[in-house]
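This document starts with one chain, in the form predicted alone, laid out as structure tokens.
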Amino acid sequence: MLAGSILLFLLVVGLFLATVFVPRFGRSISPRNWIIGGGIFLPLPILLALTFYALWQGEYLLRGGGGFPLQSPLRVEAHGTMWQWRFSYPDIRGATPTSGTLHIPTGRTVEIRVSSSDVIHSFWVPRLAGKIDAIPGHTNYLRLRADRPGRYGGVCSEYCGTGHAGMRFVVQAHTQEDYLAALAEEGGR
């Protein structure tokens, strides 16, 4: 999407610079036609391509990320309280809940069940997914996927009181082989 927006920006700037620096470029085109052509027909193919890509990626996550064999999403529960996140892993037998660090496997879609017990929080991992609110008495769902191992920062993006600025967490993505070992090690601490 960033590449598409850069392409669109460069096209518009290029046309603008051509009208300013190239003698008589575009002078025969009426202002109305510039608006229609530059404002509708120029960005339309790029915006349609970006929309198609976003819908395709959304469906990819909803199906569990594809791949063979088709795996159902791994369930993780994220519970927000003033001013921390607590994560539990109901699909992993014997996994101990963690605070401040969410462990996920790479290459697999993870369904986060987001909830809160006190005020509205917002669960957001900018590099992996959009954000979703954690509302008391209600469970919301968010799917994310990390394609490579690493640490990804997460925040509460809804002001929830004086400790809001410190309500950060880390998503630690592990290879499939290291995932269970990391959960076991976390439980041993």
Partner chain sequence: MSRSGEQHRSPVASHHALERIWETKPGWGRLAAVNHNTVGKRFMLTAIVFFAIGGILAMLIRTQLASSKSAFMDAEQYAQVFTMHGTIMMFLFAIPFFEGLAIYLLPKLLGTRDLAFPRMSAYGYWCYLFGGSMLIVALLGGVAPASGWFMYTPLSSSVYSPGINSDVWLLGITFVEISALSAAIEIMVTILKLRAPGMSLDRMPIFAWYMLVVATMMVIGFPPLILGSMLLEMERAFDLPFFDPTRGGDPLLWQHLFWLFGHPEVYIIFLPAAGAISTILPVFAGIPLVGYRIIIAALVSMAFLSFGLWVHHMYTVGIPHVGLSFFSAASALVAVPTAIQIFAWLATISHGTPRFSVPMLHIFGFFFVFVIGGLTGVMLAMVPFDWQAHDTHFVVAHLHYVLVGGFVFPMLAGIYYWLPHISGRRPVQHLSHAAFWMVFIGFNVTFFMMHLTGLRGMPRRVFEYPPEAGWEVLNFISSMGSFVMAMGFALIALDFILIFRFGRPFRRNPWRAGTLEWAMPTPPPSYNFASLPIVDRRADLLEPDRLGPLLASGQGYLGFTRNGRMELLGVEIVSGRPEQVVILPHRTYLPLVAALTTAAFFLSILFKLYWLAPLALAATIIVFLGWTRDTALNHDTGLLAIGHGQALPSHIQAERPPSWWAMVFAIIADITAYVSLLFGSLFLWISAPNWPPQQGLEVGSAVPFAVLAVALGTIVLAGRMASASGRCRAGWLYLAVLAHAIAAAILVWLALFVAPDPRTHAAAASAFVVLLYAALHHGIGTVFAGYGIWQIRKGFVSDKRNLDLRLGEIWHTYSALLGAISALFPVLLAGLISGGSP
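A quick note: this is a predicted structure, and the numbers were derived from the prediction, not measured. Take the two forms, superpose them, and find the largest set of C-alpha atoms that agree within 1.5 Å; that set is the rigid core. Positions refer to the first chain, counted from 1.
Omitted from view is the form predicted together with the partner chain, to which the following refers.
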Original post:
Looking in the model of the complex, any heavy atom of H174 within 4.5 Å of the partner chain?
Top reply: no
Original post:
L8: heavy atom within 4.5 Å of the partner chain in the model of the complex?
Top reply: yes
Original post:
in the model of the complex, does Y152 have a heavy atom within 4.5 Å of the partner chain?
Top reply: no
Original post:
Taking heavy atoms only, is E59 within 4.5 angstroms of the partner chain in the model of the complex?
Top reply: yes
Original post:
Taking the partner chain in the model of the complex, which residues of 35-49 have any heavy atom within 4.5 Å of it?
Top reply: I35, G38, G39, I40, L42, P43, L44, L47
Original post:
Is it true that L15 shifts between this form and the one not shown by 2 Å or more at the Cα, once the core is aligned?
Top reply: yes
Original post:
So with the core overlaid, does the Cα of I135 end up 2 Å or more away between this form and the one not shown?
Top reply: no
Original post:
Quick one: once the rigid core is lined up, does Y159 have its C-alpha move by 2 Å or more between this form and the one not shown?
Top reply: no
